[in-house]
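Next up: just one chain, as structure tokens, the form predicted on its own.
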Amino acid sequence: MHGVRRARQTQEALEAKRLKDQSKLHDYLALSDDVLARKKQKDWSREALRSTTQLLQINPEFYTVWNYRRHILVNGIFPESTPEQIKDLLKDDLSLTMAALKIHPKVYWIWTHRGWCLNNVPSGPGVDGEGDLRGWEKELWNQELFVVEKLLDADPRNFHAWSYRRVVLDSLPVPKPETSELAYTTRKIESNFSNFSAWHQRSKVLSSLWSTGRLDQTKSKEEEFDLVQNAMYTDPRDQSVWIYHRWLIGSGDNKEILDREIAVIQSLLEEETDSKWCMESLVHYKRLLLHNHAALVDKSALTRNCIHLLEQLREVDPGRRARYDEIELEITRL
């Protein structure tokens, strides 16, 4: 911490720490060698499973060991287990990965193993047409959705968790209505407009709802423009908002919407005179007017306005001068 004097360690303390670290490294390498040797020998025993547990608790990024663990379960442990025992073994692995995710929430292999566990839950507890054959699946997948929501509460922008959430939603034995997921993204976005993953998830949900006719696209888009405009005025420097706005505009076939949104952004630029995203978006949308509605606009005035905005962009964003030069060259050729 700033202003706090660091305590000087004695030579003896430093040497003791070095020896301790050296011992831990020696033990880790010995355990790693043992696990890899067992893997090579195709050892599917419970002892091998315990060894992988020890190693993964130390290093959960060792994806080869996660793969080996799955082979042990499938080839050695599951064949000698009842369905209920298999379910309990998988729950143990979900607990193992949960502990790892609390420390390493962005390691792909941990998320992959959780998905594998859930996809291998056996039928039960019902049997022979009696009881609910998918009861365990329903229980564990519903719990998984709850777990993902808790992880996203802790880190709302963890894109690994958002990607995994889509997997969970697609895998639920009893699907949730997509409108509930739309409401979920609304809550996440309104708590933090800078949540790119939430905007991305929202675009996927809306695309599905629009394509199937479960949501009126025209009315819904107008509501989205209201939401994103609120976000633009709240934090005009946040790129996730502008990327979502471009997704809403799309290819710019609707001139009325283009004109309206250009006016909104122009008004914002008058307040935020050095806003790179305002300028970039105005250039982008005016280029769409030149491309798609050339017969209905003043090409000369639009071209001059774009060139003026590009000059300003070179000043506020000099690192992308070459990109703005290319855009200007393209505009002058239209």
Partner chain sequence: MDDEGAFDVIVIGTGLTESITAAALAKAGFKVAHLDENVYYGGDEASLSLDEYIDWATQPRTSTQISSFSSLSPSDTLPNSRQYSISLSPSVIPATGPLISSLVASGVSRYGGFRLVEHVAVYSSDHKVETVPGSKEDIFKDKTISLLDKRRLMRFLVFASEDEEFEGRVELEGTNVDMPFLEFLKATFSLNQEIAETITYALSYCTSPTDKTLPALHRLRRYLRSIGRYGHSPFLVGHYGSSGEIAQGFCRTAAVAGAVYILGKPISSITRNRNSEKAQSTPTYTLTLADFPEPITCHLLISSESRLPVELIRNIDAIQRIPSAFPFADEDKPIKIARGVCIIDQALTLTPTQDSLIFGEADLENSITESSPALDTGIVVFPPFSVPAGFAPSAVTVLVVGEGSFSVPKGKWIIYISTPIPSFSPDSNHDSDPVVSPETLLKPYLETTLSFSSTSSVKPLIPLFTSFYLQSTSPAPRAASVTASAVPTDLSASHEVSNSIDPPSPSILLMPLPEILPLPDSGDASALNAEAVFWEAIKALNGFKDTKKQEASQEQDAPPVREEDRLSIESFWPPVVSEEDDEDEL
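Computed from a prediction, not measured in an experiment: that's the story for all the values here. Residue numbers count along the first chain shown, from 1.
Missing here is the form predicted in complex with the partner chain; even so, the following discussion is about that form.
- Contact between D226 and the partner chain in the predicted complex is found at the 4.5 Å heavy atom cutoff.
- In the predicted complex, the partner chain lies farther than 4.5 Å from every heavy atom of R114.
- Though the partner is left out of this view, K150 does not reach within 4.5 Å of the partner chain in the predicted complex, counting heavy atoms only.
- Looking at K102, you'd find every heavy atom of it more than 4.5 angstroms from the partner chain in the predicted complex.
- Note on contacts: among N192, S123, Q143, T82, the single residue with a heavy atom within 4.5 Å of the partner chain in the predicted complex is N192.
- Among the residues T179, S171, N254, Q217, the one placing a heavy atom within 4.5 Å of the partner chain in the predicted complex is T179.
- Screening 302-310, 289-297, 265-273, 45-53 for residues having heavy atoms within 4.5 Å of the partner chain in the predicted complex returns a single hit, 265-273.
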